[in-house]
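Structure 1 and structure 2 below are the same protein chain in two forms, each given by itself as structure tokens.
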Structure 1
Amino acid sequence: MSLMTTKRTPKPVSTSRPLSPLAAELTRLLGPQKVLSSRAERLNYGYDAILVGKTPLCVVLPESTADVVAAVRAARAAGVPIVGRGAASGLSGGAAPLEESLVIAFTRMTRLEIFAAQREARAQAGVITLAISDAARPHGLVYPPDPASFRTSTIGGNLAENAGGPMCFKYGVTGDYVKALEFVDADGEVHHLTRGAFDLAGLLIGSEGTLGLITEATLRLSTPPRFTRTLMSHFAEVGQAAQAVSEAIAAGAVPSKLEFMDRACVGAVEDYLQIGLPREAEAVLLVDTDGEDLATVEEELALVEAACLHHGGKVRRAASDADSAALWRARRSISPSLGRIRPQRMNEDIVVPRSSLAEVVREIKALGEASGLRLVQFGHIGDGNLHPNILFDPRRESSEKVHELAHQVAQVAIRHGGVLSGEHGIGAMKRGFMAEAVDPVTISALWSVKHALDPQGRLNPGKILPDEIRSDEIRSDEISLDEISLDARP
């Protein structure tokens, strides 16, 4: 496997090869319109937004749950692994096959129904995230989870990664909106789950296609806030920004967005947009408060403003909706700004307790400087979710060096009591760090779950789970109740 690079020279494509036995069987079962078997077609399904994996043996484009069942049973009979795929916008290599596999790409499963009276949406796995709010809005409803990729990512991919976004501090992540799930297991059996005491659906959410293929979900909708207010504050030290955030939250503010950018990130965006961002600042916060009642929204913003001023921040309140949009343009422009510096980037995604944030940002900055690679940091500071981005040019900077820095970033998170991922998942990219981050008892329990739902290990092999530890291999001194947690609360 290799990081996404720009230096690959495509091999000449042959379309005249005979069908593989699996492709022939799937074509017989589903018809040629739903099966991609030529090398030219399959090449497009071997990677996601970060990782180039193996070109799949065959690709199926199901249009119904029945198609998924047929594909899974055919792959099982052929002994071929299965990789689920949405829009392939994933940043941890989850949808990139690591073995010769059948890829089931959900992009044609786009049925979407809105049940306004119940405030629910029923979406097939391939529905684009943004389409749900677009369909709900005429009914006075929205679907709050907002991964920045919402124009391209699918709800199936969001569920498999338990995607978050800038609004998740107040509104929660994808899994918080799931009322029911339909999934197909490794044997091709269909399961209908509602959230409840025995929350099997909760296990599927965030399992990155390793426990089952999600075909449909019933999602909770809510009413959009009537009022939103915005401010930007900048600080001479990251610690001041982190303290301001903690103080505002302790005082009762629950901002709907609470974003952080470090000096390198602000510099990159300012180089790109030239809108007068404070280049000299070590930390910039962008904050929205929202709600039904204007007085409360203003009050919450005042709490944030007071905390920022108290910790030495300079504050600029947006005077109008247009002003607010201009401030948020800075945040939305991070990706294109970074693309101007280096052609590739590894978008890291750690969560640390907010109390450690300043130290974590400093340590990671120092590691970046020592590595000689360009590194910028930004993130959803309310949740302690930090995205250190390693920028690199594959023609000049080796992927080993990038991986090494990514590993060091992960180790900083672990040392500070954090976790390896807040929203992008573990996938293939961080699987190798799991044994350092998760205790043996928990790894063994995760494998027990995997064996129960996918005994042959056919679903998305090589993702999330580190090498297996069986329960009889765990020494008694490795069992510590303190360690059994995958959670890092800020």
Structure 2
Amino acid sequence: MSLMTTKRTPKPVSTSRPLSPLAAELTRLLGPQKVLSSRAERLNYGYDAILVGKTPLCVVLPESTADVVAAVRAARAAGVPIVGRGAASGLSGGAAPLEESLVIAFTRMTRLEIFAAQREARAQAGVITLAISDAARPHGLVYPPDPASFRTSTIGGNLAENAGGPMCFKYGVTGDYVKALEFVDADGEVHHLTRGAFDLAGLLIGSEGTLGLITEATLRLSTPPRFTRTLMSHFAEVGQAAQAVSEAIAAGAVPSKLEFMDRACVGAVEDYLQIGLPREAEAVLLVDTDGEDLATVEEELALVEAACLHHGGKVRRAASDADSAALWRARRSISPSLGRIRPQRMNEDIVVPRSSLAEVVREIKALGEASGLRLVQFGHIGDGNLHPNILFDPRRESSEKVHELAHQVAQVAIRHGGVLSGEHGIGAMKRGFMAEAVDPVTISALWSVKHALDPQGRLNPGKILPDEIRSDEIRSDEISLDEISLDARP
């Protein structure tokens, strides 16, 4: 007699949790391929390049404006906040949810059209910045704004922050190239805006997703310059570099790129790339001049060279296009270079008048040395936009110490008549400094705009604006109209 045994196959144990009501409704409306609901998927959308926030309740990956409308209306019905997100390369916490929210990630909205005759591009929010110039180049056109993250950042994120970049001094920032916008408001209504006397589009640009969700933009394209020349100058003292910048511009030079790196920054990049940067220098300037007339391009480069030599700089002109490309690769490699030194960093983004540059870079250098933290400086020095970066390891250095140094850097900018941000935005990281940087009347007015466009406060809550100031808390003698500026750039 033989015994036969039957091997039982255990029943699979379900590890999935039922969908939240919002995720279930969005899945019904948009289909499961456009909705991320598992915790493992949602974890990836709780942070940006600088800040870790709350894991979102649900993530939507829209492919059209209609998808965005459906998501916004579902979130409104559920009473859930909404955070827009591009490539999450932002450096102020702008795309990190601070509450349990619906994240709308635009990375699938990548339709791009070039209208060469009109010198225009029409781009959905998820289009990578570099892709615009790549598509325009066969038509003899380019898109000039070039944030350092142009290989990864999306045009929607650039619009939300009004991003600049190395070419901003001569060619302007993202907002300067916008001809029209499409956005979805807090109620899920679609609006089409053109630039005019009442420039609501200009209000949306740089609002960090707190007033509406930009879904598409019509952008102005330009013809590329025929000639470009590059030089590098290095200095024995950081203030000398700043003085050379001011003198060159005062003499009439308008470089297309004018970038600054301090010694710590140069050392980090050289460790990473090993391309022969001068490690002994306390400061390095990288400069491009360009234009249609070679004589003018050379003349402007000579003005920069003379100013650098006058302030003790040593100058090397790029000998070839390849040499120039290597130098600019160094500038664009700063972020990964710094990541090899410390696992985290706080990236400040102050703007100060050029007349104060020398004093500001010296003061910030001294603050870093006194703090005991690693601090490096670089930035678009031509328009006074500096990026002091505080590098730290949260296992060894306290967040309180890091935030205190960041606060001191912000106070340097304010004291010299500058502002807190030139392109990275206020987000969550600099929200706590706003009450010192902006007068109560302006903050109250900004809250009025927020209430008008987002009455329930559901769009990217906890960003930019400090706690609301009631009108009865503002005394007429607290502020002079002469002190109120509507221009965020000195």
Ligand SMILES: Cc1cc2nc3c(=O)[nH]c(=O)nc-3n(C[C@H](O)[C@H](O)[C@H](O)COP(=O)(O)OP(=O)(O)OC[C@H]3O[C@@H](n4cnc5c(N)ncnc54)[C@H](O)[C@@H]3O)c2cc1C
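Numbers given to residues start at 1 and step along the sequence of structure 1. Here the rigid core means the biggest group of C-alpha atoms that line up within 1.5 Å when the two forms are laid on top of each other. Just so you know, these numbers come straight off a predicted model, no measurement behind them.
Only structure 1 of the pair represents the form predicted in complex with the ligand.
With the core held fixed, Gly313 shows a CA shift of 2 Å or greater between structures 1 and 2. With a cut-off of 2 Å and the rigid core superposed, Ala325 has a Cα displacement that reaches or exceeds the cut-off between structures 1 and 2. Remark: with the core as the superposition reference, the CA shift of Ser89 between structures 1 and 2 stays below 2 Å.
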